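Single chain ahead, by itself, as structure tokens, in the form predicted alone.
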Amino acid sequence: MRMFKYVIKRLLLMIMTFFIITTICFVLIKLLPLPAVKEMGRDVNLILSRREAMGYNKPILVQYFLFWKNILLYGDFGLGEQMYAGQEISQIMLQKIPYTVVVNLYSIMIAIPLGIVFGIYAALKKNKWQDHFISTAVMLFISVPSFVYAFLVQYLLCFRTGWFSLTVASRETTPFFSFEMFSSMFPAIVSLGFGTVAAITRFTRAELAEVLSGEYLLLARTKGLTRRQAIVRHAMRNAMVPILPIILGEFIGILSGSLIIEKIFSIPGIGSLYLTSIGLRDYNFFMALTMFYTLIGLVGGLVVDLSYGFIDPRIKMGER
């Protein structure tokens, strides 16, 4: 019962947070001057009529009411104005999301196993040169922004050696889960994976090193277990409890993508779409994508928090 109340409370807080963030973004975006509609033939009249229907010439409270009315009743996020003029925003987003999902899915499927392996190895070699080397590399990869690695990867793998293309293959000619698509996305996958590998390595190393110093592990050794058996049966199981929710959060966050990486490698995903909408001041796209990213972040945080209670029954969610 307490768990149920805790979930309901978190859901209500999530909805309230989502509403507050959306409201702030809507008000701030409406305070900016309205961009002129590009001259695109018949699309101009279409966009102007949609602006009239959305109450662009009415007070901001009326616009806000019409904004939520169209979304909740009709699922209508509006039309593109400065980009994809006259096209439904929801349809454009559905076309872009698969690129973001695929490149992030490839990245975490490679980065998570590497991060766990490096973290376990560093913990087992604690205070030795291997541990110092891995810890130093982790600090380097976490401290330096991802776009710096992206430029280096782009220069070395695409320009200098010519092993990979600078552009991503089209979904019309290349299936998403094919070697050709993977090869065209590989530089972006590597750039995205650096941060994930470093974060999971650091977290795994810290958790496992703490568990290995526990008294119960010494007790297991005195009962006749070998060091390998004690690590596999006891240390690894306890160390994975806080690590698994982090891994789960990575999979939930595959829709969020990486804004800068997609832009650098010209991946036609929602990340690059978001940055373009900000630069061109396409308000409808900006609001739809802001709501999308906010919702993904809030849902991911909620699922990660709740997963602790399911993974380890000793953790009672909602208890004081």
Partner chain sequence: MNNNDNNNVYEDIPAEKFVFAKRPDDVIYDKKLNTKPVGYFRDAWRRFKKNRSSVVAAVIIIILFLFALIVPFVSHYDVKFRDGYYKLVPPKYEPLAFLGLDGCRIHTEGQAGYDYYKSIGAELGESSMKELRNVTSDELTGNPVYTFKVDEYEKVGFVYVDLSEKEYTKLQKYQNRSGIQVIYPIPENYMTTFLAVSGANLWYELADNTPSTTGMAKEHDENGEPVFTPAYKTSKKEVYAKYESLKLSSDTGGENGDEWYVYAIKNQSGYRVRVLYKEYYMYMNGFYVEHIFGTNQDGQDLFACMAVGARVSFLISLSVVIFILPFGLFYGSIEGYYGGAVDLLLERISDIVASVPLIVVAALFNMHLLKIIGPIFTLWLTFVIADWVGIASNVRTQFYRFKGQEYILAARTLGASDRRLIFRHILPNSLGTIITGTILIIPGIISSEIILSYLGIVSFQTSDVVSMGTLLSQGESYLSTYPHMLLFPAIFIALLEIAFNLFGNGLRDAFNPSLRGSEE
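Being a predicted model, the structure only gives us computed values, none of them experimental. Under this definition, the rigid core comprises the largest set of C-alpha atoms superposing within 1.5 Å between the forms. Residue numbers count along the first chain shown, from 1.
The same protein also exists as the form predicted in complex with its partner chain; that form is not shown, yet it is the one meant from here on.
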In the model of the complex, the one of 222, 127, 178, 143 near its partner chain [non-hydrogen atom within 4.5 angstroms]: 143
Looking at 281, 58, 51, 69, which has any heavy atom no more than 4.5 Å from its partner chain in the model of the complex? 281
Is the gap between residue 288 and its partner chain in the model of the complex 4.5 Å or less for some heavy atom pair? no
Given that its partner chain is not shown alongside this chain, does residue 21 nevertheless sit within 4.5 Å of it in the model of the complex, heavy atom to heavy atom? yes
Since only the chain is shown here, I'm wondering whether residue 148 would be in contact with its partner chain in the model of the complex (any heavy atom pair within 4.5 Å). yes
Give a yes or no for residue 184: in the model of the complex, does one of its heavy atoms lie within 4.5 Å of a heavy atom belonging to its partner chain? no
Of the residues spanning 154-182, the ones with some heavy atom within 4.5 Å of its partner chain in the model of the complex are 154, 155, 159
Please state whether residue 60 has a C-alpha shift of 2 Å or more between the shown form and the other one, with the rigid core used for the fit. yes
Aligning on the rigid core, do we see the C-alpha of residue 27 shift 2 angstroms or more between the shown form and the other one? yes
